[in-house]
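Encoded as structure tokens, the following chain is the form predicted alone, with no partner shown.
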Amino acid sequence: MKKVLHKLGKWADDRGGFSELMKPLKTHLVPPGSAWNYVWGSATLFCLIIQVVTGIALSFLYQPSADVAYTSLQYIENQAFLGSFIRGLHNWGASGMVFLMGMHMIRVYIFAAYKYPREMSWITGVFLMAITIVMAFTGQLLRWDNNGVWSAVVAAEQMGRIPIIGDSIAYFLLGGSTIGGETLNRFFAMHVFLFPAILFMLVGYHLFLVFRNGISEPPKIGRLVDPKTYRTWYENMLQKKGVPFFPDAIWRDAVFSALVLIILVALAWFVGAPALTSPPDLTNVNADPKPDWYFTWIFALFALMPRQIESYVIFFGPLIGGTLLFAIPFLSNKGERSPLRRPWAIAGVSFIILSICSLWYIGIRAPWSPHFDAEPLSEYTSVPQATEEQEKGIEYFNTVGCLYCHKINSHGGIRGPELTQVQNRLTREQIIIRIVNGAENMPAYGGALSKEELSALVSFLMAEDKSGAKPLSE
């Protein structure tokens, strides 16, 4: 049997040249000391493979039609064999790819691996990051629920404010002047065909550059990059000290990718993909679209900035940011690579990370948005021994919309002031004036509440004990 298998393997290799495919991995040398901080790129590629596999699996059941897309996703989530798990793995694989690509670019920048002769590697990496972000955005609409559709509407509105070309971009994104079936078809085509094709070509060229120019050696203080002598020095260093990529270096990539897979599988199995909201309804003005976590900081940035400068930021922000990223290897393609001699690089990366994390935290809290899913109050979570009038006030607080913007104890929104101890700040008459006449970002409720309803609501707000502690049972 062994002889037969050996002959078959030898025949297949002779005709197919499979050993030749592995030859570059076996003969490709990498610098010594290429440790664990070099695994981010391979892990990002591994996440891309996960996305391809799970995306193909989902495409067997997903129907890109406005009439049945939501129903097909419900079938995938609730009835198809392993459908919920595959959808979750595809969702978390996208998150993993965005995160790992960000870490990979940070590592390249901190170690100045973009310097000669790897400028094109950096440029293709910037393109890959942009395409990955676009892929993540187009995938969000394919959920075809209120959250995904309204996220696309908000994005199109923002794009439409770009001077001169904004309307054309918005029209192209939506496939018309309004969102509909054409929008879904357009996003599906971009997500499944157009951008993956561009992504695969860029990945192939990026890998070619890795084999052509080699991976950068670990930086060392005082070892400068000189374009006139670097290639000769690098080749001599590899011949003397280089180690084969396979198997001496690839095992770290394999171990880290396996760890990434375990984490993604655990997240897909125990957390799953974002729950589908209600079917898309463009007449639902109370929709509160929430972008995926990697877009939340952008969402927060535009929510916080003055509206009059948004159009300029939308246009000039990506333009300036992209120009700076592309210019980095040309502004500094030689000289020192050690981060210890480039403290401004560490400071810049630290500032960007802190800014994004801060905006992400604010975006998660979303203090500018009503919380329509806030848990309703009861006498047990607000006034433990409420009177009959205060109980009615609690009910009105829940039903007329106060709960969405104001918090009492741990319940409610945070757009408006917390009202747990409002009786210590305002008098009864002041509270009535605020409710009747409204205030900044607060509508006037004078015409919406009867005298009895207003009295009950104020009686509840003026209650001395709003600790939320349950009364002791007798």
Partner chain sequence: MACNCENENLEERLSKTAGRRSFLTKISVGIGSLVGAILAFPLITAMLDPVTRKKTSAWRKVGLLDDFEVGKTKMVSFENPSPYQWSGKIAYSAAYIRREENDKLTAFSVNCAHLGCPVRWEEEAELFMCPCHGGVYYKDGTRAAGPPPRGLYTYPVRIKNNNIELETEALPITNMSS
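Just so you know, these numbers come straight off a predicted model, no measurement behind them. Positions refer to the first chain, counted from 1.
Keep in mind the form predicted together with the partner chain is missing from the figure; the text below concerns it.
In terms of contact with the partner chain in the predicted complex, the residue from Leu45, Leu58, Ile431, Met442 that brings a heavy atom within 4.5 Å is Met442.
Though the partner chain is absent from this view, in the predicted complex it lies within 4.5 Å of a heavy atom of just one residue from Pro274, Pro218, Pro117, Gly160, which is Gly160. Within this chain, Glu77 is remote from the site of the partner chain in the predicted complex, having no heavy atom within 4.5 Å. Using a 4.5 Å cutoff between non-hydrogen atoms, Trp368 counts as a contact of the partner chain in the predicted complex. Among heavy atoms of Glu310, some come within 4.5 Å of the partner chain in the predicted complex. Residue contact with the partner chain in the predicted complex: Asn236 places no heavy atom within 4.5 Å of it.
Three-residue candidate spot Gly125, Asp292 and Tyr294; no residue lies within 4.5 angstroms of the partner chain in the predicted complex by any non-hydrogen atom. Between 31-39, 419-427, 45-53, 444-452, the stretch whose residues reach within 4.5 angstroms of the partner chain in the predicted complex through a non-hydrogen atom is 444-452. Residues from 169-185 that approach the partner chain in the predicted complex with a non-hydrogen atom closer than or equal to 4.5 Å are Ala170, Tyr171, Phe172, Leu174, Gly175, Gly176, Ser177, Thr178, Ile179, Gly180, Gly181, Glu182, in the order they occur in the chain. Relative to this form, Tyr404 and Asn146 separate from one another in the predicted complex, with their C-alpha atoms ending up at least 3 Å farther apart. In the predicted complex, the CA atoms of His371 and Asn146 move farther apart by at least 3 angstroms compared with the shown structure.
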